[in-house]
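The chain below stands alone, shown as structure tokens; this is the form predicted on its own.
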Amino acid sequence: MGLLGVAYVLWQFKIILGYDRGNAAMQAIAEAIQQGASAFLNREYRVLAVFVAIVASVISTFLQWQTALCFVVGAIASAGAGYLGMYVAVRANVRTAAAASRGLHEGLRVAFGSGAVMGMSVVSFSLIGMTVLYLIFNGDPNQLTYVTGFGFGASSIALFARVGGGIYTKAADVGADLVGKVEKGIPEDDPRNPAVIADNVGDNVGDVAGMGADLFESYSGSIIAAATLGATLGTEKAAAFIGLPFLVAAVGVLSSLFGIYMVTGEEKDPTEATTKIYPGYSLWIRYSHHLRRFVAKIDERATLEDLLTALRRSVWGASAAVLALSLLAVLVSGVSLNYWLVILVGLIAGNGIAYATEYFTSYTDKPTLAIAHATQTGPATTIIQGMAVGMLSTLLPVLITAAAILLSIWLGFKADGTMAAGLYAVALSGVGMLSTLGVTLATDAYGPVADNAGGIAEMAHLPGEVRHRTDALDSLGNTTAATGKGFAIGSAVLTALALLAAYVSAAKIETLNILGPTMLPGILIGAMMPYLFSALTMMAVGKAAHAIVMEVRRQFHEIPGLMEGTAQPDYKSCVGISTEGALREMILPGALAVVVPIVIGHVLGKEALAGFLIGTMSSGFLLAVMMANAGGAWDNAKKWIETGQYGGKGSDAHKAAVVGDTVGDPFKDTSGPSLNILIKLMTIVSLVFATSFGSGWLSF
């Protein structure tokens, strides 16, 4: 299935490269974005190569060389998936702009196709990497311990990629908006703004490459957690329990391809004479035509609401396919049908979280409209209302996730009569939630491409209706991106809980006493970590954005004719500032995620580390949901006003909305989405080093 996914990626990539690239001006702008994105990622990956080499040496010295090998493979696969997604995105952006000049549906088709490359790359690389490593060590009693290193490598790269890319993109975005929109009153992506190229580069290195590595880690971690717990059940069906999450992920590849086809496939005429090809083909064409008309309505008359419905139904269609095919996987494995119900629980929970996230971030629903209404009284009320919406949005995801955990544990316990089976069911539920990642990530990853297409349309002075269409696609992308973040954080909690159970087993912890002398301090320190991490990343964005603002102001002040449009800005200086700032500031937050669990485990002991992980999981879940949804709602409130509401662009309400969006940018694209990686990375670090922890230096 992984190889099938790779074949699709190559085929889809060829299709994307075949689309029209537009005029010479568009191509020149796209080339500048490509060069900036490649330069940043190449420098970032050189830094990360040093980190990977150091950590692999430590693992090889103090643990096993097999785990170190898996760590390196996981890091390379994660980086490769992110790089490939970015490579396609920076070539699809100009083609999307050209396609949008022909219609809204054409623009979506190209942008979504590039997102599909990212989605299928992530699931395919992950499945191939883990399966091959598992087979290499087949028969070794420590084979799953080794493969856990794959998740460690993937998580490490994901955190640095997400944080580094997030700092880059939001520093450039905030700097460009504060001077361009607020101070100078010029449109977004105006070519006179020196930070505009850096802003568009950031969309790719943060929202595509960073996000790809992020969800690669989520997907891999969920499978590893389930397989690891399956091995602890100790029954004659242990091999089946280990293999089932791999099978569910494999059928998810097929199901995702089905969902992607619902959006990108060409319409077929059911009355066309096709029986000459082979008997029964016309019946298939007729059936698939009606099925596609139900699942996805995309044609030249499609409205934005039609497109959102199409994307939503493509995910539902993929979920239905996973449910049907996973029934076969469960039957083949010979385990209880309760585990099929567990997969159903994960799918329902994932779609439920996605729906709740969509409600709180879509500009057609009350929460975001309330933020837009608050802009009429200034930036302060805009920020207050946005924070309130973000906090309120934590209610449904928490209740849905809690219900999924309880129901999964109950189903697993009823199936095999042990709490270990219940915890395995929780992990399998997380696999089910992410089984359609190929298509859900496609609906997420196309957004930055549409955003870039809008920037290219603005800078190349394309007709106004082209920018209107790309803005519509971008707004839709904000909503689908928020739902993607909802999937990621929801699955992160299920996966982290499963990894925590695996850690407790590996560390041979008999009981966890919350009143123990080190347990509560561990919980409190863990609950603090997401706030410390978010503070560091937010301040990093602020520092880099400050440097961008000063540079943009300098150029407007010192370059004669820049404001009048008769002079050319120095784009490269802003690209360089964002690059240096991101690479410098990503080191400390990333290092803390790896070092702190090891320190806690050795200083306070293995029980305190379990409490630390519980605290991190609890506060990180809530903070991630709040930040991601508040940021998405602020952004779409601004876009709602830009459609002409409350005075439209240039009005006082719009200026207040821009301030809210500026605050929300690092919320939703830097700190918020990095937290789900933080939760799992610290848990998997604890699992990898579990056997080295004892009672602690400060034990009583």
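Basically, rigid core = biggest C-alpha set you can superpose within 1.5 Å across the two forms. Note that the coordinates shown come from a computational prediction; the quantities given were computed from them, not determined experimentally. Numbering starts at 1 and follows the sequence shown.
This next part talks about the form predicted together with a further copy of the same chain, which is not shown.
By the 4.5 Å heavy atom rule, the three marked residues T381, M419 and L622 all count as contacting a further copy of the same chain in the predicted bound form.
With the partner omitted from this view, the residue of L392, L327, A238, L135 that lies near a further copy of the same chain in the predicted bound form is L392 [heavy atom within 4.5 Å]. L500 is the sole member of A310, A98, L462, L500 with a non-hydrogen atom lying within 4.5 angstroms of a further copy of the same chain in the predicted bound form. You can rule out all but one of 106-114, 463-471, 549-557, 141-149: in the predicted bound form, only 549-557 has residues with a heavy atom within 4.5 Å of a further copy of the same chain.
Proximity of V663 to a further copy of the same chain in the predicted bound form falls within the 4.5 Å heavy atom cutoff.
For Y359, no non-hydrogen atom is located within 4.5 Å of a further copy of the same chain in the predicted bound form, even though that partner is not displayed. a further copy of the same chain is not drawn, but in the predicted bound form it has no heavy atom within 4.5 Å of T566. Among heavy atoms of F413, some come within 4.5 Å of a further copy of the same chain in the predicted bound form. Shown without its partner, the chain has M391, L392, T394, L395, V398, L399, T401, A402, I405, L406, I409, W410 in segment 390-411 as residues with a non-hydrogen atom within 4.5 angstroms of a further copy of the same chain in the predicted bound form. Once both forms are fitted on their rigid core, the CA atom of E31 lies less than 2 Å apart between this form and the one not shown. Once you line up the core between this form and the one not shown, the Cα of Y646 ends up 2 Å or more from where it was.
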